[in-house]
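Laid out below as structure tokens are two forms of one and the same protein chain, each shown alone and named structure 1 and structure 2.
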Structure 1
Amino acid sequence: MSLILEILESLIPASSVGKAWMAAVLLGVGCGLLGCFVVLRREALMGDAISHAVLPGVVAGLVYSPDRNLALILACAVMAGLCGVGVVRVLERTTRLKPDACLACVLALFFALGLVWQSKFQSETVGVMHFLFGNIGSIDGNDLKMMLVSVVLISVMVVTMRRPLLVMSFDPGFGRALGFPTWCLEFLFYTLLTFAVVVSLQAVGVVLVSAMLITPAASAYLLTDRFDRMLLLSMLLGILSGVIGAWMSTSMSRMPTGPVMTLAASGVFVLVYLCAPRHGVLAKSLRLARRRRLIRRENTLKTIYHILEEEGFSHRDVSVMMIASKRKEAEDHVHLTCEGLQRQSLILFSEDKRSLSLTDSGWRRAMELVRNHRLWELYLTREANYADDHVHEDAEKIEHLLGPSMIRQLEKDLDFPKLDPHGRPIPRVDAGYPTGSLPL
């Protein structure tokens, strides 16, 4: 035991700046790890509720321990937080109140109880506001030891129990079916969470604990699809925001640590929100724009096919004006789309750029699209009992997505049909450009 204490002692930095940095790192680790579960459970504001609900516990600790025994105060706070969680659960089970209302009720009520109690014993509880609105600069060796122990505990627990905890976050019923001791796991999780909240309170304060729990985890959630990586990333982002906060508030005057840490975490989130490779807003809108462009081009190809078909495939040239009038678009617009198609060498403009013709690959793609569309229409009317005037919209969407294997399956199921529900021919896969005559 004394050995452990000695090791602990040697880990604590001597300077107050060093202490603040260490507190920031520990905070990032503890909150980052637990935050992942909280975000995945869609209970992000549980941390907020707990951080307010601990107030009666803190007051009790201060009132009944005149020598300000930190461990006792923290223990009381954890008990109060767990009570809060319990009351939320009971309210959810036994009433029609929705989870958010239960959380808000417990948050407000416990906090008010704490305030009433505190205003009764004002002289004993002078430090309570300091406790709740924490200041990382005032963290001393004892606090740090407490944080270190609890963060190590949290990390060990989370790393060893991450599978069952993950299952419980996504599907408690499945966890029960697997034979997990669900009740114990829930209790363990909320105990750890309350622990993390309570030890973080002194550093960042009651409101901003939620930020340290939610924001890094949400950023990590946008960066990866694997849970283990999310845990790691969330931890790293938590440490990063903690360190930025600690650095800014020690190097600049009048910069409160907790809010600066929160702002750093929010800044990281904004960056991730915009630039995350798959789930970021920029990547998403780029993907959307690309898909829109693809669909516009493919629809133009299809229109060219339709025009050629109406004229009985008697010639190969189609004027841009005709495409524009058929697609009800401005001519310039069609021109732009067609230039894109030419870059993909699907079409070829004539000399004066007023008409165009399909290349071989363009012809094949146009034919594929028309066939996809008509096969799908036929499938919907025959197999899904759609009315034949209801199928166009659906086919218009799916035609861009059907792959070759799907098409083969459809053709087989529909017994290699020749006509679509509207009586128009479904082009065959290997048909070349019909010369002169209408293909049937």
Structure 2
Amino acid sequence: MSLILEILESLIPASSVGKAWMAAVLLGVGCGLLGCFVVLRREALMGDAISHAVLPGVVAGLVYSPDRNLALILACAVMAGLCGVGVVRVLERTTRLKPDACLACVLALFFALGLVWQSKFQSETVGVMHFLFGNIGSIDGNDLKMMLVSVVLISVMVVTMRRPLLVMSFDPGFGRALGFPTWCLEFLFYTLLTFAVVVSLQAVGVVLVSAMLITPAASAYLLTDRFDRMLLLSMLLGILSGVIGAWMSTSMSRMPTGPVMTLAASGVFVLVYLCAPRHGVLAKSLRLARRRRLIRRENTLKTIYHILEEEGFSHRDVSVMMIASKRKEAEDHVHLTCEGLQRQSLILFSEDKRSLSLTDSGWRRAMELVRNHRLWELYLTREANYADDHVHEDAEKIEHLLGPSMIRQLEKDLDFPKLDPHGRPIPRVDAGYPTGSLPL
């Protein structure tokens, strides 16, 4: 035991600034790890409820510990937090209230109880403001030892119990089917979560600790679809936010630790929200714009096919004016779309650019689209009992998304049909350009 204490002592920095930075790093690791499970469970309000529910415990520790014994204060806070979680679960199981309503009721009840109690014992609870709003500069060596032990415990439990905790986050029923001790896992998770909240109180305070629990994990969730990477990113973003907050709080005057850390975490979240490579707003907007451009071009190809079909495939050229009339669009707009098709070598413009013709690859793609559309229309009328005049819009949306394997399965299920529900021929993709009539 003495060896462990010596090791812990050797890890504690001597300067107050070093202690603040180390507290910020430990805060980022502990909250970042458990925040991932909270986000996946869709229980972000639970972190907020626990952080507010611990206030009566903090007040009780200050009232019954005149010498400010931190271990006793934190123990009381942990018990109050677990009591809050228990009350939430009882309300969920014994009432018709939704989980968010239960969490809000418990959050308000425990926080109000702590404030009333603190008002009655103001002289004994002078230091409660540090727990309410956080003051990383007040953290001493003993506080850091407790944070270090708690973070090591949380890290070990997350690494060793990662799989069952992850299964429980998505589907507790599946966890029970696999033989996991669900009640024990739930108790373990909420105990660790309460520990993480309590040891973070002095750094960010009761009011904002939930932000450090949720915001880095939410940012990591937008950055990756792999859980292991999410854990790592959440820790790193939590550490980054904590260090920025600690640096600004210790180097500038009138910069409260908790709000500054929260603003730093929120700034990182906004950056990720905008610029995340897969789930960011900019990336989604670009994908949507590309998809709309692709659909517009493919619909133009399909329109060219329809015009040629209506005229019995007697010629290959189609005027831009006819396409614009058929699609009810301006000629300039159609011309712009067709220039994109020409860059993809799907059409060829005439010399005066007033008409165009399909290339071999454009002809194949046009037939694929028409085939997809008509097969899907037939599937909806036969298998989903759609009326013939109600299938066009659904087929119009799905035709661009059907892949070769799905088309093969549709053909097999429909017994390789030759006509769509309206009696029009379903073109074969391997057919060449017809001469006078469409090959079946």
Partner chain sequence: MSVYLNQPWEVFGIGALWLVLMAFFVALPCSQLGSFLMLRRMSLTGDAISHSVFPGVVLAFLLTGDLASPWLIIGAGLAGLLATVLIELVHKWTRVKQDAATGISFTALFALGVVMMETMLGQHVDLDLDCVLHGRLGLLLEEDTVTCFGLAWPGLVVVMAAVAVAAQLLMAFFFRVLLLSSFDAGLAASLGYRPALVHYGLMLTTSMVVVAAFQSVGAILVIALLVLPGATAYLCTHRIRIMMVLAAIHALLSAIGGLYLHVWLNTNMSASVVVSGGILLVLAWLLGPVDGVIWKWMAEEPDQSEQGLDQATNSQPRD
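Here, a residue number simply tells you its place in the sequence of structure 1, counted from 1. It should be emphasised that the depicted structure is a prediction, and the values quoted were computed from it without experimental measurement. Definition used throughout: the rigid core is the maximal C-alpha set that superposes within 1.5 Å between two forms.
Only structure 2 comes from the form predicted alone. Relative to the superposed core, residue 41 undergoes a C-alpha shift smaller than 2 Å between structure 1 and structure 2.
Once you line up the core between structure 1 and structure 2, the Cα of residue 407 ends up 2 Å or more from where it was. On core superposition, residue 384 has its C-alpha offset by 3.2 angstrom between structure 1 and structure 2.
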